[in-house]
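Given as structure tokens, the chain that follows is alone and in the form predicted alone.
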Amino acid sequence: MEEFIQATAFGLLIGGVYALFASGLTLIFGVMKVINIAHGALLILGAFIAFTLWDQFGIDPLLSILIVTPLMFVLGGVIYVGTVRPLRDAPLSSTVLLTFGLALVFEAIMGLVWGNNSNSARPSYFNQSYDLLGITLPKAQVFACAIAIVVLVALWMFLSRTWTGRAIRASSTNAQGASLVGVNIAGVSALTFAVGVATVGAAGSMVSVLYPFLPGSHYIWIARVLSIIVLGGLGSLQGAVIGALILGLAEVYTQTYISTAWATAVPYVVIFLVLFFRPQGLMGTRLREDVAV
């Protein structure tokens, strides 16, 4: 029983961090119907920036979120204006190809700047843990999950308590309707893309502490994050949180009770089974065209 509680606690900590990783991607898709394949590369870029701030200036990687997030917000705005906006009304496949190309460009830039060696920040608390009623909780995971919860709550409050946030949600639900009541869809799209990239920048700071990374790591992360938002329902922030917790728990349970060799495969089998019975995801909504098919 103690082993199960230990695995559950660790799975929830990992899932909480995954939720932040996926929040920006599902937010961008919800408003713009753009699948940002560069999301994984931007996550690794955020990790490299946080790693550099820790390595060169001694800034704690988790505290560097306060620096990395605004930088990535600005970068998101630049990416949107320079590349995504011209294709805003193009078919989904066009933006997928565009963002995949951006991912390759960012991978090449990171390789040139930081090299292709594996990196990982190791602050003083990296190997320390809390002992809570016999349950061991690594400090790095606890801190990262706590920060992820704070960021997600702040994002939720922004979306639900501010006029701009309500405009984003209205655009996500019905863009034409939102436009009719005066919402500037182009402006909302730009802001949403920048916010999405900012959140992945915050997530990148956590990656720099929790996982080893190199420029090519973005392939692993985009696959994982896409799985989360597909499982939760594309465009649903709540769905992304639920999907992230399920994936985190599935990974840890697999490592604990089956084998670490199956830790990557088994969770995806679970996702396939869920989508077999509910193709729109756990919190997704079936569209009229989906029903017709």
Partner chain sequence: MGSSLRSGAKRSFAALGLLLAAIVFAIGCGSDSGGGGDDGDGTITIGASLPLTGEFSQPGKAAQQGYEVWVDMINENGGLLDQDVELIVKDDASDQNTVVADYNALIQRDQVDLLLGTFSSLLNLPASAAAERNRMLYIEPAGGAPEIFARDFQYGPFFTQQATADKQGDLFAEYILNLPEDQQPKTVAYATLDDPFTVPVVDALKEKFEAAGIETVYDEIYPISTSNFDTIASEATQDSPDMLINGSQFDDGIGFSRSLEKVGYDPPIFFQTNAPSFGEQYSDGIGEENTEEVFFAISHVPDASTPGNEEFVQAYKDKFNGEEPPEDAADAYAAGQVLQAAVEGVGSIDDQLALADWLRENEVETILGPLQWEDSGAPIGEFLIGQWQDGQAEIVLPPDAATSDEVIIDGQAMPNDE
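Numbering follows the first chain given and starts at 1. Everything numeric here is computed off the predicted structure, so don't read it as measured data.
There is also a form predicted in complex with the partner chain; it is not shown, and the following applies to it.
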May I ask you to state whether L234 is within 4.5 Å of the partner chain in the predicted bound form, using heavy atom distances? yes
Does the partner chain get within 4.5 angstroms of any non-hydrogen atom of T136 in the predicted bound form? yes
With the partner left out here, check for me: in the predicted bound form, does some heavy atom of F48 sit within 4.5 Å of the partner chain? no
With the cut-off set at 4.5 Å between non-hydrogen atoms, does Q255 touch the partner chain in the predicted bound form? yes
Which of these residues, A148, A121, M110, A198, gets a heavy atom within 4.5 Å of the partner chain in the predicted bound form? A121
For 1-18: residues with a non-hydrogen atom within 4.5 angstroms of the partner chain in the predicted bound form? E3, Q6, F10, I14, Y18
